[in-house]
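This document opens with one chain alone, in structure tokens, the form predicted on its own.
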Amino acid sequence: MWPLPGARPVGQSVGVTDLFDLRDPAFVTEPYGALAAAREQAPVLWHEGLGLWVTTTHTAANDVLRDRRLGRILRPRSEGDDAWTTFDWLHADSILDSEPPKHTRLRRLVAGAFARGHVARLRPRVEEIASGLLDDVERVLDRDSRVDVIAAYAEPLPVLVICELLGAPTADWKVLRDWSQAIVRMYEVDPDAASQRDAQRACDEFASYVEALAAERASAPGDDLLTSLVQERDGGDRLSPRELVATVVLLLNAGHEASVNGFGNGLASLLADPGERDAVLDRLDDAGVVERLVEEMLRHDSPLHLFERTATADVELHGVTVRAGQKVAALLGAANRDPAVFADPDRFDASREPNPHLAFGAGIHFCLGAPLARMELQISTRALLERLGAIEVVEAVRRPTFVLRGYERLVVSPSAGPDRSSE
């Protein structure tokens, strides 16, 4: 994913930033001060350590995401190393890493499968899954007075929902989660050799799993998204076998990471302000309150912080020239804290409106699963707050990653304030 550090661009006056290092644990833990300092320099800066351009403002990030001369062009890893073959085609044949005309065809076919009502039909099942997980959460709280909501709630819920969406056995959720986590580690800076081997193995095993599941749906169709995708594969204007597999893998990887990290980051932000938490608890019956809360959870501490593009031609971008072949990274976390767009951007405001955050991207690569992610987050957040009431964070451990930002552990306990609402 990452280029080698490149030489400083020549022939133009550019801002250069060394204010943050994506490998620095202190920056990964708390990046917003350094991102704000970089924003004060310029909307687009050359990052010498990464060897690419980075955006620091909402407008610049939005422009990068929408400019068709800036595309998703990834360098194959399998050249000279067959161990990366599956990894490469899983990405090359996915919507996320394709460009028109291939992207246009893939998105139309996958959107057509989604349009058959699969997401809307899932709502009662998502509520049921959330309720069942919260039964376990409450049992742990009754026993230990504290619970890790990432492990007990946020991690299993989206994978179980994807299993329901695809018609996969729910008993497989842990291995699906493990494959997803192994693959997405490759999106960070300088993954080590062990992480690379884990990703290679996960891609091979995940692809084989989906191929077998698709073969079952071809012979025994069901009322699920995978059946609809198989029918798109076998239709006139079709998904290829690899495109189908890549689509399913992307659905799990992107859907799982966005939901887990969006929930964990957002809940931590909400609970950091007991006054804001209590104001939300007082108005949970209002659907608009939960909708606005979830949008602020996605904005305030975004689950995805960086989305990379490559220039296919020279592009003038906010006072600099991004040369053909150079990469530019839209820093979504910086965009979503831009004071030119969001009043008092560092404050978590659960009632913020409007809230034009870029957590799901923009342009042709806007997240196709955003409606599902929003539904999951609204249901899971409301259910947890209704059941547990006033809780507080007693332990928080960040994941050592920047691109996909989240928590490894987020342990909560009933607060010293109002009793849990279920009591």
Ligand code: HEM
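The numbering used is simple: start at 1 and walk along the sequence shown. These numbers come from a predicted model, not from an experiment.
Beyond the structure shown, there is the form predicted in complex with protoporphyrin IX containing FE, which is absent from this document and is the topic of what follows.
Which single stretch, out of 336-344, 285-293, 210-218, 96-104, brings residue heavy atoms within 4.5 Å of protoporphyrin IX containing FE in the predicted bound form?
Among the listed stretches, the partner-contacting one is 96-104.
How about F114 - does it come within 4.5 Å of protoporphyrin IX containing FE in the predicted bound form, if we only consider non-hydrogen atoms?
F114: yes, in contact with protoporphyrin IX containing FE in the predicted bound form.
Does any heavy atom of G51 come within 4.5 Å of a heavy atom of protoporphyrin IX containing FE in the predicted bound form?
No - in the predicted bound form, heavy atoms of G51 and protoporphyrin IX containing FE never come within 4.5 Å of each other.
Taking the shortest heavy atom distance, is M375 within 4.5 Å of protoporphyrin IX containing FE in the predicted bound form?
Flag for M375 set to no.
May I ask you to state whether Q200 is within 4.5 Å of protoporphyrin IX containing FE in the predicted bound form, using heavy atom distances?
Answer no; every heavy atom of Q200 is more than 4.5 Å from protoporphyrin IX containing FE in the predicted bound form.
Considering protoporphyrin IX containing FE in the predicted bound form, which of T86, N265, T227, S259 comes within 4.5 Å of it through any heavy atom?
Of the candidates T86, N265, T227, S259, S259 is the one lying within 4.5 Å of protoporphyrin IX containing FE in the predicted bound form.
Find the only residue in W173, F307, F206, F348 having a heavy atom within 4.5 Å of protoporphyrin IX containing FE in the predicted bound form.
That would be F307.
Could you pull out the residues of 354-377 that have any heavy atom within 4.5 Å of protoporphyrin IX containing FE in the predicted bound form?
Sequence-ordered list: A359, F360, G361, I364, H365, F366, C367, L368, G369, L372, A373, L377.
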